[in-house]
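Next up is one chain by itself, shown in structure tokens, the form predicted on its own.
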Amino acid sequence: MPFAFDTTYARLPDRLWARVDPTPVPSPRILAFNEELAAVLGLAPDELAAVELVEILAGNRIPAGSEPIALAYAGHQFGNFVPQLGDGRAILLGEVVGGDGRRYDVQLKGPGRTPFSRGGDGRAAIGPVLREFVMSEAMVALGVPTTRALAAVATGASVLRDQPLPGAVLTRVAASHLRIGTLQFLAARADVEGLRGLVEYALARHYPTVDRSEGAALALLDAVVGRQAELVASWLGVGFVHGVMNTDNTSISGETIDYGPCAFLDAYDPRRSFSSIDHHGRYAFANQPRIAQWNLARLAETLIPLVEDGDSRAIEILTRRIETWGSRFDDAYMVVMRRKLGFTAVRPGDEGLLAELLAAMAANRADYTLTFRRLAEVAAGGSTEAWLAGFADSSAAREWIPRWRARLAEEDGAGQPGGGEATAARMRAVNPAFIPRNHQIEAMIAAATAGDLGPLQRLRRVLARPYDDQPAEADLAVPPGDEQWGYRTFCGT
């Protein structure tokens, strides 16, 4: 069979999952398939065209070795705790150890109802499925830790949202689907034994080499804090807004998970949020570091019974760990942003220089991606005026440029022959020319819904090389007009 499953999660206590089979669909066909990821998972080329594979990816056939389950978890949704959520439209087929030696979950999204569907139909429409496929694979190419998409399969049936829409199933691949909400599920039930076992499982699966001298719970918390700091810093580096940073969407492995109401910034606005249900901007672009810390504090709360003897002492210890977030995130963020500015060394004043640029960008609605990309051309000796043209009022940016040049001159080799081009090359390697522009994603979804997969194929091809110029595809780098300010995203349920 196409997958060689080696499943461990289904051997955890059954209170953490429910056995459920996918619901068959009438006429599945593949809309998009990720051959690169398939190779990692060990799928042979002759298996990729097999009818059996399409049937598996649609949920019509359960492969040998699979133990299909829906996972239980809780979560804080927009700050409000829900003690039982769970996979309402996702079924984990099992785990595969890839050719790289890593363990991956293989999950179907949209395969029908589960015990956690809470009145939902358990299905997915073609739009959210293709959004996640394109967005997650774009994040891979951008270098951001993420779950991945193996396949998008049309079901041949309709799902009812505001209107009937073509249905689809996504095959999502992840390091695991463990979330902060998984531990919250057990903590809400005072299940200390279950928590202890889950912490051990998470460490063995994701952090087997961490220092455990202060105990397993603190080892896990420290590891997750570090991974989340790096993850959120990488989001900010490419202008990504997750949109729904609930604790049930915060992965223990440090991967981006759930591409429902996500979006990328066009014009820079730190207060920008896109989700139709984020009425107060809780998950706005600049709020993401603060919310990540808040989520990690909820993780720490689940670990109280596993640390020390006595809640007050445990809370004191765990609070100190959460308070390290500020410095750990700031360090990770400045690593990302120094690279975007062309700096390799750490110098006092770098934070202030970055803040000045971001303030000028926000005041003038400068495009986040293109401002940094075009700054690389300035480093190579290109026109400063062309860069300044991206600002409605360029006065602040014009005053900033000489300070940036002076700071750049402090870099080793900056004044040597070819130093400017070397700096520009470094900057191009971390400042993308192409991101999944929101209006292009919407156009792709509209076309695919109408049966035209050409825009999907083009986006996949271009976004696989986001740091290359690709002149023939330059229109995909162009930001939208004022319509961007009314753009909203939806969860897809």
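Everything numeric in this text was worked out from a predicted model, so none of it was measured. One rule holds for the numbers: they count along the sequence shown, beginning at 1.
There is also a form predicted together with adenosine monophosphate (AMP); it is not shown, and the following applies to it.
Task: Heavy atom of Ser117 within 4.5 Å of adenosine monophosphate (AMP) in the predicted complex - done: Answer yes; at least one heavy atom of Ser117 falls within 4.5 Å of adenosine monophosphate (AMP) in the predicted complex.
Open item on the list: Does any part of Gln77 reach within 4.5 Å of adenosine monophosphate (AMP) in the predicted complex? Heavy atoms only, please.
Closed with: Yes - in the predicted complex, heavy atoms of Gln77 and adenosine monophosphate (AMP) come within 4.5 Å of each other.
- [ ] Answer yes if any heavy atom of Leu85 is within 4.5 Å of a heavy atom of adenosine monophosphate (AMP) in the predicted complex; otherwise answer no.
- [x] Heavy-atom contact with adenosine monophosphate (AMP) at 4.5 Å: present for Leu85.
Open item on the list: Even though the partner isn't displayed, in the predicted complex is Asp121 close enough to adenosine monophosphate (AMP), meaning a heavy atom within 4.5 Å?
Closed with: Although adenosine monophosphate (AMP) is absent here, Asp121 would touch it in the predicted complex, with heavy atoms inside 4.5 Å.
Open item on the list: Give me the residue from Arg161, Arg365, Arg205, Arg290 that has a heavy atom within 4.5 Å of adenosine monophosphate (AMP) in the predicted complex.
Closed with: Contact check passes for Arg161.
TODO: Tell me, out of Arg373, Arg272, His177, Arg89, which residue has a non-hydrogen atom within 4.5 angstroms of adenosine monophosphate (AMP) in the predicted complex.
DONE: Contact with adenosine monophosphate (AMP) in the predicted complex is made by Arg89 alone.
Open item on the list: Can you tell me which of 193-201, 144-152, 243-251, 180-188 lies within 4.5 Å of adenosine monophosphate (AMP) in the predicted complex, counting heavy atoms only?
Closed with: Correct option: 243-251.
Task: Members of 257-289 lying within 4.5 angstroms of adenosine monophosphate (AMP), judged by heavy atom, in the predicted complex - done: Stretch hits: a single one, Asp258.
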